[in-house]
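Only one chain comes next, encoded as structure tokens, the form predicted alone.
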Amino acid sequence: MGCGQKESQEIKIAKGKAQFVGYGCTTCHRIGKEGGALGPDLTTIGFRKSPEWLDLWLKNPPEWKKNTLMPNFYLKDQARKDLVDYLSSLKGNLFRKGEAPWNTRELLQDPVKRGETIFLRVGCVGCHGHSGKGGYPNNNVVGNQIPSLKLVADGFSKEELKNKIFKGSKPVPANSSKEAPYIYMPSWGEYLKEDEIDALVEYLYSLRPPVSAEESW
């Protein structure tokens, strides 16, 4: 029974991977060392997004995010299911089996640049936008958007921010009678090492715009 279940899951993942390649997803999305960089890196997509959200997204990306570059592929139910099975299996193992892209000699000497690489490659950019600008949608949250990280240094000490990233965070629903928000921050302490979270904190702190003369008074 166990072996059969394992084989069945492997077949599902293989079918989904074939769909991923067949639809040309690698043109825009990178997994490990392979693929394009126009869209978010998907190496950890199964760790940071639920199967329910993936299914909803693949049904019609522009319906979730109006200005997305990803088109609606009008996937048939089985193709979408195959893709969800495959994407849900991507929990960042490729980075842990080999050399993580943020562990080069150059980046290890520059915490901010290292943190930026982590932000991009583990997929934080897929929710918070480039340079933490925010504006990405979420359901049933105040403002219907994931918050910007530009001023996170004003709201958290470095230790508080590190702890929040480590434990993860689920947004409070704007309306308790409606469906809970689909997007939340996972417990990155289950995946990232402590020094990697430290670098991420340094990068997020660097996002704060320079203090103007008026603000300094």
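Residue numbers here begin at 1 and follow the sequence given. On a predicted model such as this, the values are computed, not experimentally measured, just so you know.
Keep in mind the form predicted together with a small molecule is missing from the figure; the text below concerns it.
message: Residue-level contact is defined here as any heavy atom of the residue lying within 4.5 Å of the small molecule in the predicted bound form; does residue 132 satisfy this criterion?
response: No.
task: Using a 4.5 Å heavy atom cut-off, state whether residue 87 contacts the small molecule in the predicted bound form.
output: Because a heavy atom of residue 87 falls inside 4.5 Å of the small molecule in the predicted bound form, the answer is yes.
- prompt: Heavy atoms within 4.5 Å of the small molecule in the predicted bound form: does residue 209 have any?
  reply: It does not: once the small molecule is placed as it appears in the predicted bound form, residue 209 has no heavy atom within 4.5 Å of it.
message: in the predicted bound form, is there a heavy atom of the small molecule that lies within 4.5 Å of any heavy atom of residue 205, even though the partner is absent here?
response: No.
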